[in-house]
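Listed next as structure tokens is one chain, alone, in the form predicted on its own.
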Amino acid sequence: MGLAVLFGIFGLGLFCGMPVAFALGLAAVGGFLYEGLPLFIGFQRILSGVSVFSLLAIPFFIFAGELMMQGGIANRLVRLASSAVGSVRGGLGVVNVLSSMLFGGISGSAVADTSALGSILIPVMKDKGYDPDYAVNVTVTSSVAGIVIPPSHNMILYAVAAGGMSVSKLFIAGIVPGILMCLCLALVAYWVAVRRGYPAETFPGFKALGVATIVALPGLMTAVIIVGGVLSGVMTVTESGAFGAIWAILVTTLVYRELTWPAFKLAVITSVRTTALVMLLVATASAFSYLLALYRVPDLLGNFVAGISDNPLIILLMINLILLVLGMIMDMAALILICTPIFLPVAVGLGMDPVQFGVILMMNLGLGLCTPPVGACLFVGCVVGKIRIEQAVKSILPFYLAILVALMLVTYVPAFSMFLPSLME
């Protein structure tokens, strides 16, 4: 009955339009009151949830991403991608995917990727004769790379929710799956472009490609500093995030000289708001997760799944389907904090490494950002592209399938996510 009270209050809060963080907190308070537990335990869980040193990296990552979006780094990455692959048939679609892989691997945010690159590429693609729905669909789905390819603040949330696992292993585990997903999306973008008869751009020459690479190199170094600092052991995740933010300020002000004072203030304000939202989610989800453990929800779910099938392949498919559905209707950060303590024990019981499950979780919930009814990236892309969501969704299925193919490969072939982390041992 207590579990029904917990999820009943949470579901009612979401139905009434309450923010997820408040719905989680209210449900946790209701659960504590129903069980007769002292409320100070709940507040202790809330405080302990945000009293984790590695969480300090999140505001630095978010701030660095905002600075790069406002300071011209995205423009340089787009030029580099256009010089490299723009000459293939329907090349701007492939350019879009490659730009997302480069920028997403620096900003770590799918929504920032959609907003920054969409503002640059979608108008250009429309002017070149590409249909608006195609331009939006490529931009939206390729932005998922920002969640999988390091650095990703969502992976830090998963590491905390999973009990403090190695962030460096998570970062390096996302590299191959992120590239694999972008490769699948690039192939679909090319296939759709050929079917629709989109044009090819003229190859600017190797000299122009070299110049574009040199110009984009300072921006690309942001990811090298953040990821390289963590993987080398020279810096902690938090320290690398701080150095990354400092480097982003130096590049956008001294090298590119495009970060204006109003843009800097906007980056600060946006970063503070996003960080506050994430931390509030972490705090309330910590109390909510305490009750999930009290009610033995992971054990109940494991027994339920085992009762349906004892085939690990079927069980993993069911977990993926559940995560995909949940990703369509809830915020990603909240789902990471809620689903990790529920599904991770089931996956580990099947012999899956927690690092591999983390990558699978990122890909599942990342796809949810691109799907209705609450896909944030889909909303942003449609606003930038000035089309209705219904128009975009009608032709987005091939891009969904591309991400699903990559997801299935990562799920059933551990080497895609575990080969590089195994080299660290």
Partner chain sequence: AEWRGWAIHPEDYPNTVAMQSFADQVAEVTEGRITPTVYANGILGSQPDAIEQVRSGALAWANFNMGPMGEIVPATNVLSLPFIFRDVEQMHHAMDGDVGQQFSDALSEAGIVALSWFDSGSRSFYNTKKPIHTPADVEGLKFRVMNNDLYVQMVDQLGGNATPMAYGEVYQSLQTGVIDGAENNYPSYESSNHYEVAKYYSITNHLILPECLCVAESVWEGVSDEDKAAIKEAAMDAAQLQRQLWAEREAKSLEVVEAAGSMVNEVEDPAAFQAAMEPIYANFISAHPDLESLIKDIQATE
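Residue numbers count along the first chain shown, from 1. We call the rigid core the largest set of C-alpha positions that still match within 1.5 Å between the two forms. What you see is a predicted model; the values in this text were computed from it and never measured.
Absent from the display: the form predicted in complex with its partner chain. The rest refers to it.
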Identify, from the list 231, 263, 179, 250, the residue with a heavy atom within 4.5 Å of its partner chain in the predicted complex.
231
Report the residue, out of 325, 215, 235, 317, that has at least one non-hydrogen atom within 4.5 angstroms of its partner chain in the predicted complex.
235
Name the stretch, out of 124-132, 198-206, 290-298, 89-97, where some heavy atom lies within 4.5 Å of its partner chain in the predicted complex.
290-298
Residue 82 near its partner chain in the predicted complex, any heavy atom under 4.5 Å?
no
Contact test in the predicted complex: residue 37 vs its partner chain, heavy atoms, 4.5 Å
yes
Is residue 48 close enough to its partner chain in the predicted complex to count, meaning some heavy atom within 4.5 Å?
yes
Residue 395 within 4.5 Å of its partner chain in the predicted complex, heavy atoms:
no
Hey, does residue 32 budge by 2 Å or more at the Cα between the shown form and the other one once the core is superposed?
yes
Residue 42 C-alpha shift between the shown form and the other one of 2 Å or more, rigid core reference:
yes
